[in-house]
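In structure tokens, the next block holds one chain alone, the form predicted alone.
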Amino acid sequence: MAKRVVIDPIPRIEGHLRIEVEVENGKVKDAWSSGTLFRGFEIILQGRDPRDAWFITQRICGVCPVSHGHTSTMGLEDAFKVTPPDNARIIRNLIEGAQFVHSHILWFYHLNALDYVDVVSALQAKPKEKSLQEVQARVKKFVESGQLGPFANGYWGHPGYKLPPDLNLLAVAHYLEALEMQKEASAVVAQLGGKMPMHMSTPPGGTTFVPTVEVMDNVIWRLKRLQQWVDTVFLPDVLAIAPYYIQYAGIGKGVGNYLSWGVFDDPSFDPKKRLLPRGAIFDGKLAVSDVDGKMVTEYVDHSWFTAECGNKMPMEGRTEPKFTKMGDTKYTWLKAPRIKDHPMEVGALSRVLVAYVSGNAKVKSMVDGTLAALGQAGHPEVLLSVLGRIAARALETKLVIDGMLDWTGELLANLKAGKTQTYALNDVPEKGQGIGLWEAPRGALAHYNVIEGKKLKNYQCVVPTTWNASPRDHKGVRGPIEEALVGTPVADPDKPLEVLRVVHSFDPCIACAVHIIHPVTNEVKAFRVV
């Protein structure tokens, strides 16, 4: 007989995500993904000066505000008909890259690794190095105090944990080091963007940051420190842990459709020439198709929105909440975006797959080298899995940090050649519309704007977790996380560690995807800050 298991909220993610699965004969038979808060940024922006949008939308998420700011700015530049100077392109790449490196380190060590690393088991290790002995003493103090802090409420001792004690201890030591590395990456955003989170330097038309020798020297020093740590700690950790969980190369495939809007512009501003290019893969076939923002349609058949919000391209989209109850056909605040009626997985795996299939030489070399190290040479199809999502984020971190050092060289060369412009003058048009298509660390991000009378008439955001955690659509087709969970083995339904591993592999962020509303009246609350 099938057993219903509800995890609400899913731990170690941003925001509230509820996952319900039906387990039968030791495997997940069916799954439902629910975002349980309402977000109203689209409503807040209506009637405002369009230039407010890039600043306000950064507040959608504290983990990837940079991406929301850049995507909004790009959409406004599309409407304003202005192209930023080359120096602004490079500076935006550097700010975005620092956020990517920060976010991927955060995800791997602090949000995801504890599904594979048994912290309590580290007490059984017998380290010879003094530094590891000190870490073990700190963990022992945690355990003996009965207050595990960030390590509380784990499924410690679960038979699904496979690492030996010494490797568990090493991973815990690197968990602590990773906190320092996150700080370095955030410092780069703060130096170029004024502060982090919610940077202040990339309005429509370019950037207000003017590079100086002192700041660039400091940025390069931090980037080289991060690069060394990624090369000597992050990537080796992934290769050391992966063989113990190689069965996850066959678990969590999902819908088999992958979308990347592309991120990190080159001088041409052609999205197909970005460091991670634009494209889509359908039905698991290793071929890339062209895509654009006008191909997106959002459905609300299983979401708490009015029927008028559904079956629309976001440029004509509406945000009108209508909560009913949990348990009927509607079960989430997330809409169901589709391209040509296909649910699409987004994120690092999608970006790396699109780059790999597009023939990017560096990505191909990195992916093929990793497959060989895992004993899977010549089998890129194993990437379509939980293990593939983990490997893709690690490889992408290496790709981005190397790219950032290249961009600092480009910027310094421009300055030495006398190319110092960082901003192009522009103005809000009387009427217009634009689309910003970019990538947040968690996946494809799109902002749509419609301007009338120099004010925003409509604004819609289609964010990464709306794609990945979307509900069933008008045809009853599951979203990517729901589909990836089906077939997942579950050893103990009361401790569904395997379910967490599949969900966390998508790096869900419900802060982006959900909304806020009164629980009884359905009223969208208005606030005045004085």
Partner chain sequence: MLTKRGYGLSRRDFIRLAGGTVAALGLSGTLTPKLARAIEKAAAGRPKVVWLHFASDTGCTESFIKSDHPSAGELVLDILSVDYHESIMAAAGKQADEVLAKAVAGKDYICVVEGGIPTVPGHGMIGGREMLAIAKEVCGNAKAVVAIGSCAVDGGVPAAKPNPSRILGVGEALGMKVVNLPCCPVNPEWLIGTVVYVLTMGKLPELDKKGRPLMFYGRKIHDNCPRRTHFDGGRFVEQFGSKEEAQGYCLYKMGCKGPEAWSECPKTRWNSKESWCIEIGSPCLGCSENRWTDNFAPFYGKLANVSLPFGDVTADKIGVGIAIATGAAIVGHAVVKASRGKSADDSKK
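The model shown is predicted, which means the values in this text are computed figures rather than measured ones. Positions refer to the first chain, counted from 1.
Absent from the display: the form predicted in complex with its partner chain. The rest refers to it.
Although the partner is absent from the chain shown here, T36, L192 and S201 each have a heavy atom within 4.5 Å of its partner chain in the model of the complex. Note that among 355-363, 120-128, 242-250, 98-106, the stretch whose heavy atoms approach its partner chain to within 4.5 Å in the model of the complex is 98-106. Contact with its partner chain in the model of the complex, judged by any heavy atom within 4.5 Å, is made by just one of C461, A31, C61, V502: C61. Of the listed positions (N218, T324, T83, N311), a single one reaches within 4.5 angstroms of its partner chain by any non-hydrogen atom in the model of the complex, namely N218. Remark: P197 counts among the residues lining its partner chain in the model of the complex, judged by a heavy atom distance of 4.5 Å or less.
Not displayed here, its partner chain is kept clear of A491 by more than 4.5 Å at the level of heavy atoms in the model of the complex. When its partner chain is considered in the model of the complex, I13 lines it closely, a heavy atom lying within 4.5 Å. When contacts are judged by a 4.5 Å heavy atom cut-off, G409 does not count as touching its partner chain in the model of the complex. Looking at 146-173, the residues that come within 4.5 Å of its partner chain in the model of the complex, counting any heavy atom, are Q147, G149, P150, F151, A152, N153, G154, Y155, W156, A173.
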